[in-house]
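Only one chain is given next, in structure tokens, and it is the form predicted alone.
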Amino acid sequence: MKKLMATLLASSMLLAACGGAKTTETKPADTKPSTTAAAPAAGKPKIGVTIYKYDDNFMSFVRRSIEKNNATADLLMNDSQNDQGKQNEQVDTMISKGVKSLAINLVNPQGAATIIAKAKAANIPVIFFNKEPSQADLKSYDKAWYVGTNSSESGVMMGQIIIDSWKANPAWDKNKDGKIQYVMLKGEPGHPDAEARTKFSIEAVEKAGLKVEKLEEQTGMWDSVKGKELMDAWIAKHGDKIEYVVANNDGMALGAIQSLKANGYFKNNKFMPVVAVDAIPDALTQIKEGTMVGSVLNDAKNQGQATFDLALNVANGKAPIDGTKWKLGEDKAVRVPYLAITKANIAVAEEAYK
């Protein structure tokens, strides 16, 4: 019996020794992977990004510009599918995943207050871009800023394209009444850009001494399909009485051009001037082909870059424009300038997409 007990005791000691050896060997192996995984997180902060809808022509280029910078940040990209409720849920999810900053392209500018409340509760900075919140909303949180444009500027530039082209082509006044009979494809109602482009484009034309007559103005919601549908209806109703098509964005303008082509325009000396905003590549093609008079470059590349630069800075605890080329106004906004584009300077717009 004593011999048996001695044998069992010796076996237990041997197993304990082996177990101790195993623990000593595996501890460094367990520690090393966790250290390696933590290193990128320290160098690449998480930034949560939402786009109001991925299939918007212009926003696809802004998104591409933001995504080009994913080597220096862990980007959590989201398509809000034009649903503010969905976007609010995406913000909740991104906060729960530990983002260090938010970059939000609002579905509805009125939704800013809700998102600011969420960001403020989590003490997370937020950069709104492209769709501008109210100044009251921006100023309600010391860690909220905006990247976009001066909305009225695009309208004025669009108006100047209309002025210059109309004066250079007196034959466009089909009924010789000295007025521009135009139709207006308007963007999202209440959207600052839509309201400004609609107002200031025509105001600029009138200030230049040209007379205008509005035949139609309806919202195409920035959408090419809706732009085509509206143009189809207007041609059926007004025919050749329409002398100019003014669109708040290229997407709707491209839809209108599809309709015009289907109705015999741009061949056999039958022409319709079309002007818009964004100067996206598809619109540049139309300008080159002469089926579009001009557009106003809404600089997607620099809007995306500015959005990312600010979001990265604040994610790293820095001031928004620290070490960047951007200027922050008293309105807490970085404004990326517009540029009027016609066939004469189209190379400038093409360079913006390289």
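Residue indices: 1-based, along the sequence shown. What you see is a predicted model, and the numbers here were worked out from it, not measured in a lab.
Not pictured, yet referred to below: the form predicted in complex with a small molecule.
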- Note on the structure: Partner-free chain; cross-checking the small molecule in the predicted bound form, the single residue of 143, 100, 131, 228 with a heavy atom within 4.5 Å is 131
- Note on the structure: Only hit among 59, 287, 66, 312 for heavy atom within 4.5 Å of the small molecule in the predicted bound form is 59
- Spot the stretch among 185-193, 135-143, 201-209, 112-120 with residues whose non-hydrogen atoms come within 4.5 Å of the small molecule in the predicted bound form. 185-193
- Task: Would you please decide whether residue 50 lies within 4.5 angstroms of the small molecule in the predicted bound form, comparing each non-hydrogen atom pair?
- Result: no
